[in-house]
Structures are given as C-alpha cells and as structure tokens.
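Below sits a lone chain in structure tokens, taken as the form predicted on its own.
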C-alpha cells in the first residue's frame, strides 16, 4: 500500500467539529464500510439476473448461521458466529474480491487482505479495532468451532446460488466438478451433514452437465 493516506468517504461530507471523538471514529468506519455494497462477487443471485455484492453475501451468511447452526458438529455461539460472517469480507473494500476459482488472482491475496485489515479496522477506536481484527483473524485461521462453521457457510452459500443458476461459476473455464468438491470440502470441517448435502448437489450438478467431469485443467 502507498504511504499516501487514502481519502475516506466520510470526508465528502465532514461531521460537525463538536462531535464526540470516539463516535466520530465509529461513524467514519460505518460510512467507509458502505463500500462493501459496491464490491461485486462472481456468484449469481437466485432472485435476479445479476451478480451479488459482498454486503448481500455477508447478510446471507448471517441468515444461514441463524437457520443452520443446529447442523454444526460442535456447539457454537450463534451470535459470535454471526459477527464473524458479517465482518469477514470487509477487507475486500480495499483488497478487492478474489474469485474462488481464479488461481492467478489468488496470488498475494493474503498480503493484500492483511494490509487492508490493518488499514480499515484502524479507523475504529483502538479497543474496537483490536476486537474487529481479532475476529477477522479468527475467521481466517479457523481456530474455533465458530470460525470453522462461519467458513463452512462462506463456502455453502455460493454453492446454493450456483445450484440455483444451474452451474454458475462451476462453469468457469478449466474447472471440473472435482475442483468444486476440493474447494468446498472445508464445509466438512464444521458440519458432516451439510457437507453430505453439499456433495449431493455438486454430484447432481455434474450429472446434469452443469459442471465438467474429468476435464484436465490447463
């Protein structure tokens, strides 16, 4: 990242000078993360003929946690897991989205996202910045049952959308059904039942010709 300071959205319409300093930082962060609504993902919506954005994705994951928590192989704190899925993609505001099936785009992804996390969460008051960064690290490292379930939702949600699209990103050139299974297997780290269901959808999609069977990747 350049040493030059990034212009913030809140600076377009500055808050009053007498606003409480802590609240100013919090509101500045909340305005900045409005940009999540502009980050397009590759997954198609089930309800409209367009791609979803990161904010829609994060909301959908939160809803999935509420509905599917009972399928976790280990007990999870639902509220904590919702926090993880709501903030996990915030760094893409600065780092950009990295498509799951684009290996070239994945080069340097971790470095970009770590730098983005430092910058974005650093807008918050120090105690909240530490908390947010800790949650983001927890999701990335999958060191808790909550983080593993959150990651499972992150992989299951686009699987559902691709099923509804009769292929969607499963049709990415050079990608096979086995590639899809490999990238989605992390679901099984949190929920054996959801992974069985996920594999069933992938298998059926392959049988219907919505993904390639055994085509070598270039």
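Since we're looking at a predicted model, the values are computed, not measured. Numbering follows the first chain given and starts at 1.
Only in words, not in the display: the form predicted in complex with another copy of the chain, which the text now covers.
Trainee: Using a 4.5 angstroms cut-off on non-hydrogen atoms, would residue 207 count as touching another copy of the chain in the predicted complex?
Mentor: No, residue 207 sits far enough from another copy of the chain in the predicted complex that none of its heavy atoms falls within 4.5 Å.
Trainee: Taking any heavy atom pair closer than or equal to 4.5 Å as contact, tell me whether residue 34 reaches another copy of the chain in the predicted complex.
Mentor: Taking the distances in the predicted complex, the answer for residue 34 is yes, it comes within 4.5 Å of another copy of the chain.
Trainee: Given that the partner is absent here, does residue 83 sit within 4.5 Å of another copy of the chain in the predicted complex, heavy atoms only?
Mentor: So residue 83 counts as contacting another copy of the chain.
Trainee: Spell out, yes or no, whether the shortest heavy atom distance between residue 62 and another copy of the chain in the predicted complex is within 4.5 Å.
Mentor: Residue 62: yes, in contact with another copy of the chain in the predicted complex.
Trainee: Please determine whether each residue of 76, 98 and 175 possesses a non-hydrogen atom within 4.5 angstroms of another copy of the chain in the predicted complex.
Mentor: Contact check failed for every one of 76, 98 and 175.
Trainee: Could you list the residues in 56-75 that come within 4.5 Å of another copy of the chain in the predicted complex, counting only heavy atoms and keeping sequence order?
Mentor: Heavy-atom contacts to another copy of the chain in the predicted complex: 56, 58, 59, 60, 62, 63, 64, 66, 67, 68, 70, 71.
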